[in-house]
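In the block that follows, a single chain appears as structure tokens, in the form predicted alone.
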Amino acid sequence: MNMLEIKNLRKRFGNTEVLKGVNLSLEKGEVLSIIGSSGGGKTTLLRCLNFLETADSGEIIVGGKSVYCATEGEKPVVTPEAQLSFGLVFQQFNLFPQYSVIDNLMLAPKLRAKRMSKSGKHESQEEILARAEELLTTVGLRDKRDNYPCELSGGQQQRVAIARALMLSPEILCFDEPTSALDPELTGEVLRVIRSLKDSERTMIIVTHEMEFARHVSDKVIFITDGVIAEAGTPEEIFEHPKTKKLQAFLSHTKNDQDFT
């Protein structure tokens, strides 16, 4: 069974159709990298999956269960589990500056526990704290638990953002160009953390401009242009044997020598 299926997803802004019927599937533990030029629809796809934008039509299926289904012109059907299925790490970190690192991680789980308190099925404060500290250890920032975002480098802030996204245990973790806001010398530390998450068999979707990283970390790569998936395949198929002139032209203009090992 696929962890994720996307069927004919479409999204328009005004008269501009940004997604023109996207179809893809992803198995549990697979890493999908999405590449393509700016304006092709990559970020819009991630935002639709995380329900920051509402797709006009199409279906999103997670673990065999439809979590979003829409027909253009009609009200979409969205299940309560929809938003909890995905986690998103933004380009610009989006940490709360008034909260310490540990409080940034604990905020959303504490709010969820409060909402679920009547059902009796919720984490205790101690359990949330223990998990937050474990995730900070995973991203190499346990010693920064009491610091504030302004006291961290950009790379450290992005690693905190990754840990925060993991706190709600999403089935699929998404990254929207996670290194685009970083200086080159800080990029490697973030890419290494993402690489370590692959080793833990976590299902991930990564929009990236780091071609060498995509080549080494991905199980599948898709090339999106003009709102459609123009090519899809293994990293070898995409980077070594591109079929379309658009992908060939795109790859000829990209170069990445980043060491993320």
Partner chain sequence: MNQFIDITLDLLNGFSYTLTIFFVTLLLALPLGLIIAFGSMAKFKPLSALTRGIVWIIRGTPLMLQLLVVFYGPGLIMGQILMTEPTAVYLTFTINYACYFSEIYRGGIESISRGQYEAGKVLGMTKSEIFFKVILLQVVKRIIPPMSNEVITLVKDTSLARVIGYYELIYFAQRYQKNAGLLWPLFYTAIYYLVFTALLTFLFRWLEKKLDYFKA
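Residue numbers count along the first chain shown, from 1. Computed from a prediction, not measured in an experiment: that's the story for all the values here.
Not pictured, yet referred to below: the form predicted in complex with its partner chain.
Contact with its partner chain in the model of the complex, judged by any heavy atom within 4.5 Å, is made by just one of S180, T137, S153, N94: N94. Scanning V228, C69, A232, L52 against its partner chain in the model of the complex with a 4.5 Å heavy atom cut-off leaves one residue, L52. Taking the partner from elsewhere, L84 is found to have a heavy atom lying within 4.5 Å of its partner chain in the model of the complex. None of the heavy atoms of A130 is located within 4.5 Å of its partner chain in the model of the complex. Although the partner is absent here, R47 lies within 4.5 Å of its partner chain in the model of the complex, judged by heavy atoms.
Within this chain, R164 lines the site of its partner chain in the model of the complex, having a heavy atom no more than 4.5 Å away. For its partner chain in the model of the complex, the listed stretch (84 to 92, 185 to 193, 122 to 130, 69 to 77) containing residues with heavy atoms inside 4.5 Å is 84 to 92.
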